[in-house]
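Given as structure tokens, the chain that follows is alone and in the form predicted on its own.
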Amino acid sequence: MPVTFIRGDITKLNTDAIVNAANNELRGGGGVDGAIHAAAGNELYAYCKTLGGCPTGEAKVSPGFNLPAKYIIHTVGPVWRGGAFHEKTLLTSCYLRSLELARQHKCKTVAFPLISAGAYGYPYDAALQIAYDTCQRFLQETKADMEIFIVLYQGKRSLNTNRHRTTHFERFDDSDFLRVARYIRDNYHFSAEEPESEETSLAEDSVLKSAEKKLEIAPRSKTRFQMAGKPLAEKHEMKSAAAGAKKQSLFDRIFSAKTRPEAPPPTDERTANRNSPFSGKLNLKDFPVEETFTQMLLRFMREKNMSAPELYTEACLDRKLFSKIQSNPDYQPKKYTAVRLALALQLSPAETDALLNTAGYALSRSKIPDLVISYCITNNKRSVWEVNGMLEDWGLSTI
């Protein structure tokens, strides 16, 4: 089942459960919390007093009382304190604990607000990404028969329009917002980036187990049981040695003599030199160099018949910055500077990818801001102001 962004008033949704971004005392407050308590009535306040509060990152459930939703799942998000106090882990836990409760209560439809992104100060872009990633991963890993909505309730007006936003549920409206939401849902892909710290070792361990299973390799030694009662330094040393031996053993087994290509027959030094690709004098023509970012940019300028002033004006770039780019063949731009230039040049999606690749970038299918930009490029919305308007309409940082 899908995860879908919608815009509306969460208290008016006729879903099996809505999630409340609550405080630790579960006694109502401002923002979404206050709106849900006001709409549910005094019975909710009385019921929440019996729940004994809720720790940050956890969730508790109550009836919906006067709301269209059958249940209210209360979860307490972290206050943003710079990111060094496990805020991401706690925020991820809010979504997971809420979804686990929804599944226990056999909910088929669940609606979330954007937890912690209001008064608790969590950066909006990051909060939006965590919400979507976590819900998608939950559905993928549990195979739950559940439809999840992430409700963006905001009164911001985009840069390129004066139309007012309605605050009621408009799931089937043909607005730009819902078209982008459908585009994100259809094109989203989990990030292939390496996890960090402890998660990295867990991921590596999962890969090793999978490889062992496929190759019918014998189970690994129970090193962790051998370390019981050892001093901390000795434990660490044993663990490191075991990990190295484990990986090396697996490597040797995967790339055994049966799977390795046979070694070429020995040759004398003259034959080796004659066959070497580096024999004789090196010629730079034998090593063609791909276009740099600046070289490709200038080529596109010529092909599109655009002058430098036209380009940096359309890209909303400073003239001095563009002069630096133009005069330095090896200039390394920032990602969204390159995106602005691609938009100004009216490049096709393939041409945009090519230009970004020369600078080592790509529009990620796992990042919501990049998916919004990709939607604009795919649908021929090429003005920087128009793209920024769309990003602002979602509450995202502009380029």
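Each residue number is its position in the shown sequence, starting from 1. Here the structure is a predicted model, which is why all the values come from computation and not from measurement.
Not on display, but discussed next: the form predicted in complex with a small molecule.
Not displayed here, the small molecule is approached by N23 to within 4.5 Å at the level of heavy atoms in the model of the complex.
Among heavy atoms of A119, some come within 4.5 Å of the small molecule in the model of the complex. With a 4.5 Å cutoff on heavy atoms, G53 does not count as touching the small molecule in the model of the complex; it lies far away.
Among residues of the shown chain, A35 is one whose heavy atoms approach the small molecule to within 4.5 Å in the model of the complex. Judged by heavy atoms within 4.5 Å of the small molecule in the model of the complex, the contact stretch among the candidates 141 to 149, 111 to 119, 323 to 331, 180 to 188 is 111 to 119. Contact with the small molecule in the model of the complex, defined as a heavy atom within 4.5 Å, holds for exactly one of G64, G57, P369, G29, namely G29. Only one of I10, C376, A17, L391 lies close to the small molecule in the model of the complex, with a heavy atom inside 4.5 Å, and it is I10.
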